[in-house]
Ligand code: URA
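Presented below, as structure tokens, is a lone chain in the form predicted alone.
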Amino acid sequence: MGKGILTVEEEVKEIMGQLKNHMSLNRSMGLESPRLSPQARAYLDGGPSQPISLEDLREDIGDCRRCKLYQDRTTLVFGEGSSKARLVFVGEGPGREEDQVGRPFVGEAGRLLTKIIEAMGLSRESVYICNVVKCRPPKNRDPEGDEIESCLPFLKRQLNLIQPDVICALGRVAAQALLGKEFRITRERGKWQSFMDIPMMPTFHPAYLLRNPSAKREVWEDIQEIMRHLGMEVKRDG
């Protein structure tokens, strides 16, 4: 016996289900799937109830208590910048100053990141800045596996909504959270990677540069690669 006449909602769900299966088959065959709009991606990731703006996503996170980091935080640090940014910077987690004001990268390392962004000819408002985990780990320790696992879906949803052209992973912890524990920042920084089918450039964290100023040239080389990928003018050093 047939299904009968489908409602519009049922028909849309059936079509999106078929598309999701088709995209999964493409991935299994090593074929590239089309980039989707945030609305279409929301359907594929769980239906139209998924947030369709960064503001919706922040509201969905709420007063998050999904992992133990909430116990010591002052403020949840969601992220900031343009919802249409072509470039997203991803760090590991908020520090003390970020925890106090609820904004990412506002401490000494953040001020250095701002200088790097401005040296590119951009502004903080034109890019997007966020972290793998949204709450400060106690005493600025590395976030633990279960904490990353709880928070990573929100980062993925941020990236789905923004649809950037490039991700810049800042430091070992952020890069390993996105690429796996086998990633080695000292060996593989500066080499193009991919996360969620988005080109990703891993480089040293600004905090590392404060301790090791000689590494600034390597980071700037990585940043210049990002600029070339974005079609920006890169002036020769010197």
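Residue numbers here begin at 1 and follow the sequence given. None of the values given here were measured: they were computed from a predicted structure.
The same protein has a further form, the form predicted in complex with the named molecule, not shown here; the description that follows concerns it.
The three marked residues, Gly95, Glu98 and Pro104, each reach the named molecule in the predicted complex, with a heavy atom inside 4.5 Å. Note that among 68 to 76, 157 to 165, 84 to 92, 114 to 122, the stretch whose heavy atoms approach the named molecule to within 4.5 Å in the predicted complex is 84 to 92. In the predicted complex, the named molecule sits within 4.5 Å of a heavy atom of His205. In the predicted complex, just one residue of 110 to 142 lies within 4.5 Å of the named molecule by at least one heavy atom: Asn131.
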